[in-house]
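Here we start with a single chain on its own, the form predicted on its own, put down as structure tokens.
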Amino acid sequence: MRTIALRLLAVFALVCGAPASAAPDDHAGALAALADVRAAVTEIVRIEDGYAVGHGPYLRAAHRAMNALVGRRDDGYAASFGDPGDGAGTLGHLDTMLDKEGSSLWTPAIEGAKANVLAAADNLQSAFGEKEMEDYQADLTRALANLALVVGRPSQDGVLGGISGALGNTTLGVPAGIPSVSGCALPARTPAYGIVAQRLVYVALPRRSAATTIPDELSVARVVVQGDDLILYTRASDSAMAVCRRTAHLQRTRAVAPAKAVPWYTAAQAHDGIAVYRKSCLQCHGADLQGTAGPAVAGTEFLTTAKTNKWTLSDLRTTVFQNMPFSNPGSLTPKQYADVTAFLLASNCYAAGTKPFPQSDSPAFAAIKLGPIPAANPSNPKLRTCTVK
């Protein structure tokens, strides 16, 4: 048990970093959540690596770890045992982040982290009632394993990346007061955080201070020296640069087809896409396509955003075919991707045609801009979506 605990403590020491003071922004909240996790792990590892006699000291350590995770507002908080954390608890910080309206690219990672905190708390709760030390230690081992998933790793984004992955790969990694700039170009001044589509592309720092200010959670893929500055590119930079090139190309494209002119799918194909959507997309984008963990994909909100961002049919196809489902990109067949794209077009009230949506890309898609359809007759006037039958 001691060997396992020490290994896990080493993992936490590498990825947690120093505690951050509680602040109202999401970045500080994520760092504070990590600090509370580290405090809980320290309590567990310390008692396992020590020479305490009797069940009492072990039980106290488990209660203190629980207090650091759940915070003083939770029913599981036991004030008499003390709190090695900041009082808000990992759950308190994560709930504050998740309670805000809308969702971000980092939302699934924070939701996954919360689920693993709850699992660790359940393990600790089981430990409270154990009579045999062997059973008690087994519960704590499971708690440590779940807490390792809460922290995650900077080299992995999405749910598997945990809090560290969200800090190292998305806008969650931008501290309050530090400028965010387009990641498609180098910054005019430093420090600055380059962002593309909510992904953290680079951190630009003055060379004289970089050694002391490089974020602990950053997974650096390459470093570029620009005069007196360092540009630290993340693992997301290559895919982000592809988005930048595509956006620049689209801005140079002058041929624009009317929004209504999307005869690139058939009604039968859109019907086939219903089953694909329900199985692979509904969990994140909702039964009404207005978004839950993910954004809206049909109706007023989606089409207005599409117009504002100058999205084209090519953008929609690339997002669906290459980046979805969010938890397992590229896991569907080409036909399934084509069918679900047809379903989305139909749900946005684009008229069906006689040609099915193709399984391969078409250069013509880059000229078809998406946006609200003035002549549409939505079956749901409030959401301005059309029911696919």
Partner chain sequence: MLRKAIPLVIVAIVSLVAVSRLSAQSTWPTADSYVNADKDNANWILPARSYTGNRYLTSTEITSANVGTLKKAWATNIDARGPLETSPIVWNGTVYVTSSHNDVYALDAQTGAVKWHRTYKPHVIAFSANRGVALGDGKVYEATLDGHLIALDAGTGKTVWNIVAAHDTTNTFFTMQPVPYKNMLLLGASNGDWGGIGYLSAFDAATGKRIWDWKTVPGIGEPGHNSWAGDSWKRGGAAIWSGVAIDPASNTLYVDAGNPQPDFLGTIRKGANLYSNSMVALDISGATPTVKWYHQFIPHDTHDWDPAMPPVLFSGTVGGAQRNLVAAGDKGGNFWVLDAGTGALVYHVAVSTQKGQNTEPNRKGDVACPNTNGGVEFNGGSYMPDTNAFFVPSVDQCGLWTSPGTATYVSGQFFLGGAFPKLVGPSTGYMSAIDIGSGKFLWRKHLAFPQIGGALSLSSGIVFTGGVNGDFTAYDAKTGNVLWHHPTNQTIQAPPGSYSAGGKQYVIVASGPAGINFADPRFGQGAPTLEGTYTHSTKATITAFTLP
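If you're wondering where the values come from, they're calculated on a predicted model, not measured in any experiment. Residue numbers count along the first chain shown, from 1. The term rigid core refers to the maximal set of C-alpha atoms that superpose within 1.5 Å between the two forms.
The form predicted together with its partner chain exists for this protein as well; it is not shown, and the discussion that follows is about that form.
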Which of 113 to 121, 301 to 309, 126 to 134, 156 to 164 lies within 4.5 Å of its partner chain in the model of the complex, heavy atoms considered? The stretch 301 to 309
Tell me whether 284, 292 and 327, taken together, all sit within 4.5 Å of its partner chain in the model of the complex, counting heavy atoms only. yes
Taking the shortest heavy atom distance, is residue 86 within 4.5 Å of its partner chain in the model of the complex? no
Looking at the partner-bound form in the model of the complex, is residue 198 within 4.5 Å of its partner chain by any heavy atom? no
Is there a heavy atom of residue 182 no more than 4.5 Å from a heavy atom of its partner chain in the model of the complex? no
If you check in the model of the complex, is residue 315 within 4.5 Å of its partner chain, heavy atoms only? yes
Go through 239, 319, 209, 141 and name the one with a heavy atom inside 4.5 Å of its partner chain in the model of the complex. 319
For the stretch 120 to 142, I need every residue with any heavy atom inside 4.5 Å of its partner chain in the model of the complex, listed N to C. none
Under a superposition restricted to the rigid core, does residue 119 display a Cα displacement of 2 angstroms or more between this form and the one not shown? no
So that I can tell if residue 288 moves, could you say whether its C-alpha shifts by at least 2 Å between this form and the one not shown after the core superposition? yes
Does superposing the core leave residue 319 with a CA shift of 2 Å or more between this form and the one not shown? yes
Cα of residue 103 vs residue 311, shift of 3 Å or more in the model of the complex, relative to this form: the pair sits closer
Check residue 312 against residue 104 at the C-alpha atoms and report closer or farther in the model of the complex, compared with the shown form; the change is 3 Å or more. closer
